[in-house]
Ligand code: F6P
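Below sits a lone chain in structure tokens, taken as the form predicted alone.
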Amino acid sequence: MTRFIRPEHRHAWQLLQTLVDGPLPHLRDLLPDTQRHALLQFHAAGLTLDASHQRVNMTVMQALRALAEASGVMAQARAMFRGDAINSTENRAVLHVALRGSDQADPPWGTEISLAVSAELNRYCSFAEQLRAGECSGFSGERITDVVNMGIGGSDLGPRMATEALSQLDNALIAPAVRLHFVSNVDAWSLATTLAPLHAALTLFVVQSKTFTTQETMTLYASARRWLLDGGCPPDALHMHLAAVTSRSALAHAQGINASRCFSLWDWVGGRYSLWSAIGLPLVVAIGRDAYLQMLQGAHAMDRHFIQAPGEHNMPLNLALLGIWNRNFLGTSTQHIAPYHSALGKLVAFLQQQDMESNGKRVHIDGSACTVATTPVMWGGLGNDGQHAYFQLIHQGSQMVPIDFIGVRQGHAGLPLSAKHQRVVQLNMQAQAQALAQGRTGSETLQVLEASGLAIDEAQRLAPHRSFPGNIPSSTLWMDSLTPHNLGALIALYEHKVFCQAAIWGINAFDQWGVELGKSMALAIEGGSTGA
């Protein structure tokens, strides 16, 4: 086994430390360099990453790529694609990439896995199409009109986010015979308000739990069964209103789920990577098989780019390296995500789990304590809303907050002035990136205030309050339009970014023992083995 080398002991890490101590020029001085701008553009799978507003020059980028090479990032990526047990604390492979590349010839993870993935993909997509076509009926003989997805964490965030993001597809794609609902919160009020307008005879529940023991989901499931019975469903007809996605089908069968409606997960599918598996069933119900397959294809296109592209052109790798630079060398403790498309409203919550559950670790893979910072606090929201709220802190607060802007070049909402709306959204996003980078000096502010007619004394008094330091780093991710393909590529991009950063920090991105601790303590308290 290769001896683990702590990241701060690598020569490239130490070189980067000398570069940050330089210091670098202000972004207002870096931005006019057109050659630098060209070298900080990355293209892959329908996406464009503009990193020109990051606080880096090409010397820094070269040192960051040297750090990735010294850390064996791409060697570890190839191990993941082969199906090696890179999740070392659980001795598991990590093969979500196989879920969207099962149709490729000679896959690195082997044909046996691809065949199994293809078979299960066909099963849950076929069931979803039956629901969309109104071919599934309940105990009364009437067709199912409402599907309620019950899950938490990855079993909810992924399909819920993608369903909302793709709700703007043509009506022909999003007008199935059934309506889709999501419940994740075990608070009874959440389930009650969802069920209030529904009818037991017309409702089907999808129970999503990898272990089929998740306390929150099983509590919801018990209430759903009681609601069906109270609504007139005979006990021997409950199976007509139930489906499940789990890796423990025997438990699901024992609790009333018919085998034909029980869809499988593998132990090498982590919850936050499970959208590509049968966990995506509700999404298929919402957008249809063809659109869902396009999303898988977009993710697979990003997979191919990631594993094949050289370092200087590799989008996920460079996005990860910019995050390393900001976190470990510029000392930022948070990372903001600002989508500028209202359909991406749930993307931030999804990426929070992706990043913070993966890389929120304090020990290296060898069990030694980390002495370098790992993942920052991920937060954010829709950019246009944030501009009138917390962007104030980003512009003038006492801590630096890097931003990932996410924009869509083309969009239509069916309004006569849709094009004007879209132009205003894009202008706002681009203006924010520019303002954060350039800022406004005290002397520039003084000139603006005097030009507005203020007396010199008043202008001098107000200038400190209305000046902006700038030099705040940001990246801008563009997609031409919000399609299933492009959304798949975007999600895969962030998955691989998280992977690359974990490889550099020397941590395991694929376990989540902090989550498990809370679960076990809740069960222990319920059983009376510890005090409340």
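Since this is a predicted model, take the numbers as computed values, not measurements. Heads up: residue numbers just count along the shown sequence, starting at 1.
Separately, the form predicted together with 6-O-phosphono-beta-D-fructofuranose exists; it is not shown, and the next lines address it.
Blocked or open, judged by overlaying 6-O-phosphono-beta-D-fructofuranose from its pose in the model of the complex and testing 2.4 Å from backbone or C-beta atoms | In the model of the complex, 6-O-phosphono-beta-D-fructofuranose occupies a site that, on this form, remains open once the ligand is superposed onto it.
Of S114, N326, T163, T214, which one comes within 4.5 Å of 6-O-phosphono-beta-D-fructofuranose in the model of the complex, counting heavy atoms only?
-> The residue in contact is T214.
So which of G386, G153, P402, G411 reaches within 4.5 angstroms of 6-O-phosphono-beta-D-fructofuranose in the model of the complex, heavy atom to heavy atom?
-> That would be G153.
Answer range among 153-161, 97-105, 249-257, 444-452 for contact with 6-O-phosphono-beta-D-fructofuranose, defined in the model of the complex as heavy atoms within 4.5 Å = Going through the listed ranges, the match is 153-161.
4.5 Å heavy atom contact, N314 to 6-O-phosphono-beta-D-fructofuranose in the model of the complex | No, N314 sits far enough from 6-O-phosphono-beta-D-fructofuranose in the model of the complex that none of its heavy atoms falls within 4.5 Å.
Taking heavy atoms and a 4.5 Å cut-off, does H300 contact 6-O-phosphono-beta-D-fructofuranose in the model of the complex?
-> H300: no, not in contact with 6-O-phosphono-beta-D-fructofuranose in the model of the complex.
Can R272 be called a contact residue for 6-O-phosphono-beta-D-fructofuranose in the model of the complex at 4.5 Å between heavy atoms?
-> Answer yes; at least one heavy atom of R272 falls within 4.5 Å of 6-O-phosphono-beta-D-fructofuranose in the model of the complex.
4.5 angstroms heavy atom contact with 6-O-phosphono-beta-D-fructofuranose in the model of the complex for Q512 = Close contact exists here: in the model of the complex, Q512 approaches 6-O-phosphono-beta-D-fructofuranose to within 4.5 Å, heavy atoms only.
Going by heavy atoms, what in 439-463 lies within 4.5 angstroms of 6-O-phosphono-beta-D-fructofuranose in the model of the complex?
-> Residues within 4.5 Å: none.
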